[in-house]
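Let's start with one chain on its own, the form predicted on its own, as structure tokens.
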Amino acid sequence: MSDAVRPGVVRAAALAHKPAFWVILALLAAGGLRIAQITWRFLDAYPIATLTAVVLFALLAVPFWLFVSELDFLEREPASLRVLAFAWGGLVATTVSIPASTALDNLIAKLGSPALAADWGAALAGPTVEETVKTLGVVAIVLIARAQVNSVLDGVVYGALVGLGFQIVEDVVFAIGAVAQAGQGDQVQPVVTTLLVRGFLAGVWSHTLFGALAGAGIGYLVVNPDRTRRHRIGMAALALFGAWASHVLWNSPFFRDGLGNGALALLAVLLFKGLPPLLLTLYLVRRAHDAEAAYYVAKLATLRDPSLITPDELRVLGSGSRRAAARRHAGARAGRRARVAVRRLQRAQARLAVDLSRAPAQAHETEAASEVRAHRSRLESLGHPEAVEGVRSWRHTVSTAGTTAVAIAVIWVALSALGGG
């Protein structure tokens, strides 16, 4: 199977024939130049703080990137388009939003009042500009690679990565702004504080989440041709409004003074502002994942070839939790190599499902089918021939509880350090 048709591969030569590709490339280049200029000024004034901020927030981006990239396990988005989405958020959306948000904030002050702008400028100007420009990043991907956006979940992933790119670059800018505002020279303490506030506490339900909501709307618009155009546009607009409203709530002056000075008070504010969009996004992701899984599992079920996928593996492959349980079971039964082999088998089976959806008659002869058989042979040699979930282990329950406890402890320490108590 050639790279030209392999799922997850996008050739630059194919994109170069599209005018939108060159427009997007020019925008990325202009945004990159502007960010480079800003970074150079930061480095000149605060070299240690700037390098610290870049490193810390880059490290923070890694788990978010990995998590978002894994959302669409069955048909992973091409790495090139994931990088493009991240770059759009970090280079284009930020450089457009900074001057545009300032201009809109000034307009609010003129049409309303300086007091209105002081209270609500950040809540109205920022979300209006930023969510629009970030959503255009998902639209840009549709324009240059329409075939790679074939589910709502694709829109969620691309939108989340656009938001992640925006969030990381904006956080670095805020961190250096905090250093300058502190007026104590090239110090890293304001950078660490910004990391706690904007990274750990706001990172879960900030720009990544808002981008995912808007991206779901673009995905729905693209992949539901059976619906009327008015309906699809309406749903996309509703999703964008949801992202905008969530951002407005997050930036709003509600509870600006908090509910007190303790960690519990800060946590209550975070939950009030961030939990609704988080739950909504999780719901959309779950529905989109289940719909996609049902489609691809049904394709695999037509094979009736246990060397490619067994009935029990069909049940496992459609569920993220069951896939993880099958990998744990393999590791407990036959060691780390079996766990790795099961993961690779699942990846190959997912690619085979995509092959089936595109060329059913040739699926048995594709590269993915060969990979499935190779990983199956590897598992058989390890004495674990089938990627199935085992009995739930008490060790997994303890591990999950321990991980949750550690996460809560980290959040609690951060809240206590920032809010007292």
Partner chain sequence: MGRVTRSQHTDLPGTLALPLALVIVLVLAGLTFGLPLLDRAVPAQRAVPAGESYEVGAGVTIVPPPGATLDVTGTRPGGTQGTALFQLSTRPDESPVRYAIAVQPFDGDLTAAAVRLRQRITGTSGHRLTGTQLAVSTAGGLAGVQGGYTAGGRGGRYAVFVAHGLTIEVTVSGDDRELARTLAAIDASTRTLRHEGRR
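Everything numeric here is computed off the predicted structure, so don't read it as measured data. Residue numbers count along the first chain shown, from 1.
Below, we turn to the form predicted in complex with its partner chain, even though it does not appear here.
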Between Val269, Ala298, Leu107, Ala325, only one gets a heavy atom within 4.5 angstroms of its partner chain in the predicted complex; which residue is that? Leu107
Residue (of Ala103, Ala79, Leu279, Ala294) lying close to its partner chain in the predicted complex, criterion heavy atoms within 4.5 Å: Ala103
Within 4.5 Å of its partner chain in the predicted complex by heavy atoms, the stretch out of 342 to 350, 141 to 149, 303 to 311, 271 to 279 is 141 to 149
Do Leu124 and its partner chain share at least one heavy atom pair within 4.5 Å in the predicted complex? no
Even though its partner chain is not shown here, does Val68 get within 4.5 Å of it in the predicted complex, heavy atoms only? no
Flag Leu27 as yes or no: does it have a non-hydrogen atom within 4.5 angstroms of any non-hydrogen atom of its partner chain in the predicted complex? yes
Answer for Val133 alone: is it within 4.5 Å of its partner chain in the predicted complex, judged on heavy atom distances? yes
In the predicted complex, does each residue in the set Val197, Leu201 and Trp250 place a non-hydrogen atom within 4.5 angstroms of its partner chain? no
Across 224 to 241, the residues having a non-hydrogen atom within 4.5 Å of its partner chain in the predicted complex turn out to be Pro225, Asp226, Arg229
